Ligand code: PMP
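Below you'll find only one chain, the form predicted alone, shown as structure tokens.
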């Protein structure tokens, strides 16, 4: 029956992060002793003030279809908040709401690219980037970056790659999932000026914007190089910073023509975002700043604890994450000793022998690595590290 499947669909791989998290949950339900650091979501409950806003929306009957681009009050608040945050003006016509940041990225790719256009993506990348590019008919062009430079794109490297072949779009992510890379203001400025000079469109995935540590600060390219605004779609949302992953609310900011076309596509593809979640997101942006900051502070404590322990384990190296809530650790020095050929087999062996679930780095474009999430309690993190240490000891003698 394979002839009924389109060639486009045959080229798409499932999301490794979602599938492995499901696997961990299934093993636990079956009574297996599994510790998982796979999920890319906060372990905190959604703050009460946000939950109460959702209850109120239901009680008030705000349960019907909304405009495709989202409810006007939420678009207006986002425009106001991000005009201040980014340092350049946006109005409600330059904002749209989608079913999560992933949906916003897909909408942007659909609107900014034609079939066959090239989209430049840098390793390590979020697993869905290449697949979404393929889904819209464009071509992902993977540019490999090095852990020696904390997986940062340099202006010189960008110049070199653009000289080889100029892409239609660059897909940029800071703070980065999975490596936690955060770019400085000057690094952002240098990259942004090249993109502006070359007339390359930019999708800037900033979903981890509030999760930065140790003096690192997030800088959006449009805030540093304002001339990029009309060719840039800024992607963010409430999922990571407000513990609202399951509420599925992301948003995009760009020029009014780009937003109009994205909303037109969304109207036909999915209709509108969840009405109740939009009202909850409105309250998150207006009233949950203290909760957001409390969670960020707790993540930083966990990061420091995790780094201290992970750094003592032999055969493992990693860049210190400046943001998000992940460690991307190079474990390839163990592959021969473990009898594995890559990160997928390594993670399978780790799960089988120690009941520890991690995400292999292969789907992120870095098969020499695995990803640890520290979006878990200290008890869970220590239990995971105990198992990982035991596994490494088994193969280092």
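Everything numeric here is computed off the predicted structure, so don't read it as measured data. Numbering follows the first chain given and starts at 1.
We do not show the form predicted together with this ligand, though everything after this point is about it.
Participant: Find the only residue in 201, 277, 173, 220 having a heavy atom within 4.5 Å of this ligand in the predicted bound form.
Facilitator: None of the other options qualify; the answer is 173.
Participant: Which listed residue (106, 82, 327, 208) meets the criterion of a heavy atom within 4.5 Å of this ligand in the predicted bound form?
Facilitator: By the 4.5 Å heavy-atom cutoff, the listed residue in contact is 208.
Participant: Which one, 151-159, 98-106, 288-296, 212-220, holds residues whose non-hydrogen atoms are within 4.5 Å of this ligand in the predicted bound form?
Facilitator: Every other range fails; the passing one is 98-106.
Participant: Is residue 177 one of the residues lying within 4.5 Å of this ligand in the predicted bound form, judged by heavy atom distances?
Facilitator: Looking in the predicted bound form, residue contacts with this ligand include residue 177, since a heavy atom lies within 4.5 Å.
Participant: Flag residue 90 as yes or no: does it have a non-hydrogen atom within 4.5 angstroms of any non-hydrogen atom of this ligand in the predicted bound form?
Facilitator: Although this ligand is absent here, residue 90 would stay clear of it in the predicted bound form, with no heavy atoms inside 4.5 Å.
Participant: Taking heavy atoms only, is residue 129 within 4.5 angstroms of this ligand in the predicted bound form?
Facilitator: Yes.
Participant: With the cut-off set at 4.5 Å between non-hydrogen atoms, does residue 303 touch this ligand in the predicted bound form?
Facilitator: Residue-level check for residue 303: no, no contact with this ligand.
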